[in-house]
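There is one chain below, alone, in structure tokens, taken in the form predicted on its own.
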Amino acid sequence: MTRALRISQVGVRGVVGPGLTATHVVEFVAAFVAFLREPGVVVVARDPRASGLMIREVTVAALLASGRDVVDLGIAPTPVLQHTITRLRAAGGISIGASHNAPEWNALKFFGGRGRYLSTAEANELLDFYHLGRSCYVGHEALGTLTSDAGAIDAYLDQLAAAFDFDALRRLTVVVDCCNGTSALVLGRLGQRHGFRPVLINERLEGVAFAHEPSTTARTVALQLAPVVVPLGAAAGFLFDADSDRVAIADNRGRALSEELVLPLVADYSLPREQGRTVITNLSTTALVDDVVRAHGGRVMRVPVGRQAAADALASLPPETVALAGEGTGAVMMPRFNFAYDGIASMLAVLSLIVEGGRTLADMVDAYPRYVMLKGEVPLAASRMPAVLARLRERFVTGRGGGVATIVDGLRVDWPDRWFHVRVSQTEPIVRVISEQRGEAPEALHASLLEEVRRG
């Protein structure tokens, strides 16, 4: 059964009412203010979920009570929030929204002064402050003030316009499934300012009943988006989650592409344009990334699953050496956008690749080496995992398996044409099992892994 409340390094997420309450919000926000080192305003934004207004009021109240000035963006995408933090040189920011989760969920995501996700050390410190009940409330004479920033989306569009050729992109017919989320606000304004007007479906902001699950997977794309691409004569279709930091794609033939293809496509566009040669991704992301990056003379740095691990990797490298960072969920960060997970920028990068390459999206995808990934999950207590991983390592690495092991996040084993990754989920009491093979699906390997994990 899904837990109604999840507290982790990512922040706090839960079903509003039975899980996430106003008390949790107050305590987390108070801990965040206590955690912040630098003075300055805190920027707040939310997605359109019905609970967002309540959580926004509680969040703002806790910030003001802690003496912090607040800039409220209202309903706005998370990438816009991150851009605004940087533009205003704010102390940090809080995004209120549960991304790909159902409408009854909501969450708080915390950002530091550079508009980036917290590192592992920072996230752990924030969790310590929360569990210790740390706060720094002030008297009436020192309360913060509340202002709004109605120009945040326009400022973000200015940044996009400096990076992409909208005159060229206007020639493409594009269909976008907004999933009743924040992407509709940006894309509507983009059409007004730059004449790039995708055909929008499910664009009405909705807080209670989304048109469908706001999940950036091929399955979700296939529900409503993919079937309309060919009738509209579109070059591509894109689907966003509720806060626009992830995107999924349908090609011009109406095929729902794997969410794993977003990072390789954006890498294909970005690597010729960036100074950096390193692409950061996690251990569960497709091996196609390695092929694409290698073709451009770059290298892939693989890290544990989780946005904190990506933040740690970014902090460990000179910024000019990194060309891209992302994961196989449709979430990608580019240096020119301050390494914010930005689905809209990713969409524009893929469309620019189509325009500049002179080929259809389907033809580009078909030219890539074919990989097939299988994903599964098994309920299992974390205490039993060491024995499971030891058996898998003995079977596939130290025995006759001949694989190469990576053990920084569960166990990943690689061969020249296939790999698997078995790890404990950070948010649920399950073990995730992922396997991928070049050419054909690794069905026998995957079934064997699932059986081994179920043995416990």
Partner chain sequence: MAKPCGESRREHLLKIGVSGVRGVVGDFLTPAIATAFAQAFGTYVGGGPVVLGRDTRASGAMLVHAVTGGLLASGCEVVQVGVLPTPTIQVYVSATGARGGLAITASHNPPEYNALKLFNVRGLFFNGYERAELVDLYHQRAFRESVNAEMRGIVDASHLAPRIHLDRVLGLVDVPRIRTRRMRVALDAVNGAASVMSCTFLRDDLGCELHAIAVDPSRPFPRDPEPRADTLTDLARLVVETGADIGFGQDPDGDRLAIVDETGRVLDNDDVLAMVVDSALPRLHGDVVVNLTTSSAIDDIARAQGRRVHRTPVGEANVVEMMEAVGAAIGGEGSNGGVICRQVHLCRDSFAAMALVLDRVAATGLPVSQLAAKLPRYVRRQGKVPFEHGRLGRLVQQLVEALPEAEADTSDGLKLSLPGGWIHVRASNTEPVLRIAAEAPDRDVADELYEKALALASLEQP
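All of these numbers come straight from a predicted model, not from anything done at the bench. Residue numbers count along the first chain shown, from 1.
There is another form of the same protein, the form predicted together with its partner chain; it is not shown, and what comes next is about it.
Chemist: For the spot marked by A163, V300 and L314, is every residue within 4.5 Å of its partner chain in the predicted complex through some heavy atom?
Modeler: Contact check failed for every one of A163, V300 and L314.
Chemist: Quick one: find which of 341 to 349, 243 to 251, 319 to 327, 132 to 140 has residues within 4.5 Å of its partner chain in the predicted complex by heavy atom distance.
Modeler: Heavy atoms within 4.5 Å of its partner chain in the predicted complex occur in 132 to 140.
Chemist: Could you tell me which one of P227, G376, G113, G207 places a heavy atom within 4.5 Å of its partner chain in the predicted complex?
Modeler: Of the listed residues, the single hit is G207.
Chemist: Select from the listed residues P103, P335, G306, G276 the one whose heavy atoms reach within 4.5 Å of its partner chain in the predicted complex.
Modeler: Filtering the options by heavy-atom distance leaves P103.
Chemist: So in the predicted complex, does A62 come within 4.5 Å of its partner chain, heavy atom to heavy atom?
Modeler: Yes, A62 is a contact residue.
Chemist: Would you please decide whether V424 lies within 4.5 angstroms of its partner chain in the predicted complex, comparing each non-hydrogen atom pair?
Modeler: No - in the predicted complex, heavy atoms of V424 and its partner chain never come within 4.5 Å of each other.
Chemist: With the cut-off set at 4.5 Å between non-hydrogen atoms, does L146 touch its partner chain in the predicted complex?
Modeler: Yes, L146 is a contact residue.
Chemist: Contact with its partner chain in the predicted complex for I434, defined as at least one heavy atom pair within 4.5 Å: yes or no?
Modeler: Contact with its partner chain, no.
Chemist: What residues of 14 to 36, in sequence order, lie within 4.5 Å of its partner chain in the predicted complex by heavy atom?
Modeler: In sequence order, V16, G17, P18, T21, A22, T23, V26 come within 4.5 Å of the partner.
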